[in-house]
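Read the single chain below, which is given as structure tokens and is the form predicted on its own.
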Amino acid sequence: MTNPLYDQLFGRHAGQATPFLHLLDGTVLTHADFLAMAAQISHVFTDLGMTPGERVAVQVDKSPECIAIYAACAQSGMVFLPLNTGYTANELQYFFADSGATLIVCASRSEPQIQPMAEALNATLLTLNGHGTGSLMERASAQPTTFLTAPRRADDLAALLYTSGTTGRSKGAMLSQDNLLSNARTLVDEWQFTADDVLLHALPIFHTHGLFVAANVTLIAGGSMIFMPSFDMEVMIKWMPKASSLMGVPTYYTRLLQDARFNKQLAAHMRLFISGSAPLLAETHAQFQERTGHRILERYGMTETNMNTSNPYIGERRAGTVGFPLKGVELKITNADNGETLPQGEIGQIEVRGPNVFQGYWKMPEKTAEELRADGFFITGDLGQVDTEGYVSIVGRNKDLIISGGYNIYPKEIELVLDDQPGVLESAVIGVPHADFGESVIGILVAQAGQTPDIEAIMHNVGDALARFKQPRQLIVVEELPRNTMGKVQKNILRDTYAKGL
């Protein structure tokens, strides 16, 4: 019996001195070096008495060793559980207990807070720091550099990723080996990655984007990554001429455009810029193309499914859309009330089905049944529409839908109008309580640098562009919008801030 995930992502590179990770100090970690490290960590797991299927919870700074833990979990059959480095002690307590993690790996600075939790749960606690020190690697350094790969099936659980939990308890999305592998194989073909590719990797690796998209695609293609601890403009400028691709969130691209050194010459060696995890403004698309000659490729995915759609590698990359469903992925727009498929062009909830769709929520059968239909379609919670040419557009989250006086109002439609106004960099539209209408529309604006938006003029322009019931009753200018670590605007925070209503 084989182990598909390990064999196809990692094992295929056994004994190869080809580069895998380019570190900022000039060190190059080869595939063989990396696999030796992963094998040593696998031995640590088994020496602790762990058996396939047990969970390894990891909250550490980004490092090669952290990715090696992922590889070791695949090789030994453990379930990898990466956790956001921004989570508080109270949040971690829930994740550790809910997952039943046998092993917890944290940074040394967090050990005093996490040790009591580990003891209460009868879990082992080891440490790992961003520069590779800590008790995990101390144990691993004494272990053999080869490990007999544990047999696993394609439908065996490979990873457990918790959703952000902006409403209610965070849900643990169960991802199988085939969920991860099928998506990575599809993306390699879709985006034409090869062994010659060098990916600028500045994303966090506790999230689908940085780990199961960026790292998995690079591993299957046989390419390498310039491994940045985080986004750093100076590092990005220095290393971009040595790279061929970048996967980022919109913030990366807006920051690059703010630096005069980022130009066509600097990007000459690049073949592909990919953006996701949050919407990219049409203005950013246009500025980027004018500055570099490159058209950013937007795609759409989520924790429960990895990637669902992508703008084409060859063909029109249309701003404001996330392209077409990926090969093997079915996508439909449905009525949220009855689940019936809506006519083309109408706005409704997005549902997807394919080998990329997760197995369900950990220990939440009722929630799984609510969101994962018996026929395999997953109700994403996103609102969208498909145009006559098949391009998919995301209108917003279902929970962000505003219902005012019985009318459905889609924030994205209003945001597009506000974003086009003079002096406005970006906007977020929310619904707040209203005594008569149930909800009323508020627009939150961020000004362009050095400019002051003319609120009265904007209100007039909005009045010409939108029906009365869609028009914001108030516009508020703020310095910045609240965002999570992946750059998504946290509208729940805005709603809480302005919950007093009008």
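By rigid core we mean the largest C-alpha set that fits within 1.5 Å across both forms. Just so you know, these numbers come straight off a predicted model, no measurement behind them. One rule holds for the numbers: they count along the sequence shown, beginning at 1.
The form predicted together with a small molecule exists for this protein as well; it is not shown, and the discussion that follows is about that form.
Next on the checklist: Please identify, from 125-133, 106-114, 392-400, 145-153, the stretch that has a heavy atom within 4.5 Å of the small molecule in the predicted complex.
Outcome noted: It is the stretch 392-400.
Next on the checklist: Contact with the small molecule in the predicted complex for Glu298, defined as at least one heavy atom pair within 4.5 Å: yes or no?
Outcome noted: Yes, contact at 4.5 Å.
Item to check | Exercise: Gly348 in contact with the small molecule in the predicted complex, heavy atom 4.5 Å | outcome: Residue-level check for Gly348: no, no contact with the small molecule.
Checklist entry - Would Asp382 show up as a contact with the small molecule in the predicted complex if we use heavy atoms at 4.5 Å? => result Result yes; Asp382 sits at the interface with the small molecule in the predicted complex.
Checklist entry - Using 4.5 Å between non-hydrogen atoms, is Val322 touching the small molecule in the predicted complex? => result Judged by the heavy-atom cut-off of 4.5 Å, Val322 is in contact with the small molecule in the predicted complex.
Item to check | Option touching the small molecule, based on a heavy atom within 4.5 Å in the predicted complex, out of Asn408, Gln287, Thr334, Gln93 | outcome: So the residue touching the small molecule in the predicted complex, by this definition, is Asn408.
Checklist entry - So which of Val432, Ala267, Ala118, Met302 gets a non-hydrogen atom within 4.5 Å of the small molecule in the predicted complex? => result It is Met302.
Checklist entry - When the two forms are laid on each other by their rigid core, does Ile403 show a Cα shift of 2 Å or more between the shown form and the other one? => result Where the cores coincide, Ile403 still shows a C-alpha shift between the shown form and the other one that is 2 Å or more.
Checklist entry - Any idea whether Phe469 and Thr380 get closer or farther by CA distance in the predicted complex, knowing it moves 3 angstroms or more? => result Closer, not farther.
Checklist entry - Looking in the predicted complex, are the Cα atoms of Pro343 and Leu401 closer together or farther apart than here, the change being 3 Å or more? => result Pro343 and Leu401 sit farther apart in the predicted complex.
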